Every structure is written in C-alpha cells, then in structure tokens.
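Take a look at this one chain, the form predicted alone, written out in structure tokens.
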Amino acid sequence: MRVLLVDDEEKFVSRLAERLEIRGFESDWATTSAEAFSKAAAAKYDVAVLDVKMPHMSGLDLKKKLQEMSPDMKFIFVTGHGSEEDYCAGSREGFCYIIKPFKIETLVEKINQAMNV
C-alpha cells in the first residue's frame, strides 16, 4: 500500500513516513502542495494523509486537486488546530479526521480502514 503524506512540518512528516515504512507501508512525503502534485504525477498512491492547514493551499483544496489526478485515492486529514469548523470540513471531505498529536497505530488503523484491509 502506497501512502503520500503532506504536511508543512518537515520533521513531523518525514518521521511519520519513516514510522509507516517500518510498519510495511510505502511512504513518500511532501511539505508543499507543489511537491505533492509532482509526487502524485510520478507515482500512484492509495492514500493521501493531508494536513488541513498549510501555507498557500489548504489540505482540503489540495485534496480536490489530487482527486482530479487520482480519483481512486483515499484521503485522511490531520490537524493540530482542531476547530469544529475544520472537523466538519475534514470529516465531510475525507475518510476521517485525526487531531495531532496522535499515535502511529491510530493512523495505521485509519489507513487500513480506508483501504478495507
């Protein structure tokens, strides 16, 4: 299963990718929407884990663009700014919505649920 992680916090997203790799996921990461588009154009991902609040383009807007490129891709949103408005938007647009900090097992479980594994 291939996962694309997108978050503007480089240390967070790179370590998250490493932790998913240890658990058997092929993981790539990006810190900008432009980087995410480039990676999605070059490879097929099953799941994208997107930060809701990023500079220049929100995770919700990024999801719409990535979905145009890969209609079968599943989306999970994460945020460190858990407002009710964000929760509603993230829940409506993605498979699920996770508030930081979270345990890696929670993300693994949500990825597997999104892919019906």
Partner chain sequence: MEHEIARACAQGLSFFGKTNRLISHELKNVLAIISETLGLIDELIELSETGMGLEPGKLRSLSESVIEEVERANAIIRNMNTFAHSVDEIVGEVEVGQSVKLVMELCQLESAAKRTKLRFEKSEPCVLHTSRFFLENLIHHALVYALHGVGPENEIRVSLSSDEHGVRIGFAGIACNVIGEFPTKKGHLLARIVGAEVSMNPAAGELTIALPKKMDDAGIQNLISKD
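Bear in mind the structure is a predicted one, so any value in this text is a computation, not a measurement. Positions refer to the first chain, counted from 1.
Another form, the form predicted in complex with its partner chain, is not on view; read the next lines as being about it.
Mapping the unseen interface onto this chain, G24 falls outside it, with no heavy atom inside 4.5 Å of its partner chain in the predicted bound form.
In the predicted bound form, none of the heavy atoms of C96 sits within 4.5 Å of a heavy atom of its partner chain. Taking the partner from elsewhere, T32 is found to have a heavy atom lying within 4.5 Å of its partner chain in the predicted bound form. Of the heavy atoms in P71, none are within 4.5 Å of its partner chain in the predicted bound form. Contacts of stretch 50-66 with its partner chain in the predicted bound form, defined by any heavy atom lying within 4.5 Å, are made by K53, P55, H56, listed in sequence order.
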